[in-house]
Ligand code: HPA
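We begin with a single chain expressed as structure tokens, specifically the form predicted alone.
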């Protein structure tokens, strides 16, 4: 950790980020719109390389609306074979760099029929269906307590600000519960039916490990899902990753505008 943080500080000098953003599948273009310093993951000690389409795999440091921001342009996924500790390592690094608020974004499948593809969903709570937890292992007391409370992972204050911004910008949005599975296979119709009964509105293969870790580190969290498709069984259409990228591209302007305004409000 010390090696990682010192390497990054040497590159960014006196830039002290206060807001972190994790940009999900098809949403990484947001980081390209700002004058910035970027560092590829494969240069940073302790980081790995993300190889999934729609993930550039670099840390981007930029000033947005007067706020100092660090962005993960692409994330690690558990299904790539990385350990949970590797998946959430960048969140711990952000904590060491001084990040106080984390915006976590993802592309997700809509479970609720009324949540049409192209909608942005603000996460109010999550269900961890990944069968593991990123905090398993020896605890670092300098980051957080051994048994962190998870009753308020997603900031109600930030969610309300996001609602207000979406309404002002005339962006179609919903709020709901996100359930995380390991992937990489999409879920079966029977699994989606079960998730619906459990109360989930959207499903994906990320976000929950980072949200758990950020909350553990005392970082305020807001989660935003770009609903790119209906989950299996909601319609008769087969699922594919290209649809995820294509839908994310269609709503990227709304997404960018919302993020820019939200950063201003934090």
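Residue numbers count along the first chain shown, from 1. Being a predicted model, the structure only gives us computed values, none of them experimental.
Keep in mind the form predicted together with this ligand is missing from the figure; the text below concerns it.
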Just checking whether residue 27 would be counted as a contact of this ligand in the predicted complex - the rule being heavy atoms within 4.5 angstroms. no
Quick check on residue 108: any heavy atom within 4.5 Å of this ligand in the predicted complex? yes
Contact test in the predicted complex: residue 191 vs this ligand, heavy atoms, 4.5 Å: no
Quick one: does residue 248 come within 4.5 Å of this ligand in the predicted complex, counting heavy atoms only? no
Using a 4.5 Å heavy atom cut-off, which residue among 186, 173, 89, 129 comes into contact with this ligand in the predicted complex? 186
Quick check for you: of 40 to 48, 61 to 69, 214 to 222, 201 to 209, which stretch puts a non-hydrogen atom within 4.5 Å of this ligand in the predicted complex? 201 to 209
Is it true that 229, 239 and 244, all three, sit within 4.5 Å of this ligand in the predicted complex, judged by heavy atoms? yes
